[in-house]
Ligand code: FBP
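Next up: a single chain in structure tokens, the form predicted on its own.
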């Protein structure tokens, strides 16, 4: 594997990391159709935990089979495939070495009453990730939740363990709970804050939702207005979120969100790419389509990032 100058520059941002975690970052950045570009398109399939099997897979029944998702990520040319323990275990031998994998080590479910304190259970470990040949662990935090501090303490401990054995760390940073309003979960000030928290917690790769032009916090709104922070377009908002992650010295990828039409998906991706986003992590909008359509969609997303 020949590492490009672009990827070498990205690796230089992680100054405290050992060769193991940098090598695993490089494996993801040098894999698939975006290899060497510094951009990432990842297929995540953790929705079975989050939403249940029928809501996740009934639209495309072959997707009940974990092998389907490994093959979809490979056929589409993704950089990596992310999933909870059982999904990766179910294909770990058949697809060993075929694509970098990210073990999602905590999960929630829609049967729980989250209220103001949404949280996730630990459902995997660093030892599991090593056993399964994964390149990284993935962990969700909910900034704003009444249980947010517990989640932050958990990922600090798990990130320390993962980095010590040479794994990369991906943090899903999804504000919710507490006194946050629903529009506040994707407000620009909140998304930027959430991304910054993930960077402060030691994430190599940060996953957030594309931000809207809503501002949630009164004190933050005063600053955005007085400093005239650009936020009128998605590209401007993406650039601001990237800026919040140590001046862009951390990789930030953006979720695909709820199911939507192809045109809307691609328009959003164009805005993310134009704002300097480092990529996308697209789940339901890919695997709920027939496989040929999913491969085409992911290919179109990859093409947008190639041209960015």
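Residue numbers count along the first chain shown, from 1. All figures in this text were calculated on a predicted structure; none of them were measured in a lab.
What follows is about the form predicted together with the ligand, which we do not show.
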- Note which of 51, 249, 270, 67 lies within 4.5 Å of the ligand in the predicted complex, where distance is taken over heavy atoms; exactly one does. 51
- Query: Out of 60, 47, 243, 262, which one falls within 4.5 Å of the ligand in the predicted complex, going by heavy atoms?
  - Reply: 47
- Message: My question is simply whether residue 214 lines the interface with the ligand in the predicted complex - judged by any non-hydrogen atom within 4.5 Å.
- Response: no
- Taking 4.5 angstroms as the cut-off for heavy atoms, does residue 255 touch the ligand in the predicted complex? yes
- Task: Using a 4.5 Å heavy atom cut-off, state whether residue 284 contacts the ligand in the predicted complex.
- Result: yes
- Does residue 174 make contact with the ligand in the predicted complex, using a 4.5 Å heavy atom cut-off? yes
- Message: Just to confirm the contact call: exactly one of 86 to 94, 203 to 211, 71 to 79, 126 to 134 touches the ligand in the predicted complex at a 4.5 Å heavy atom cutoff, so which is it?
- Response: 203 to 211
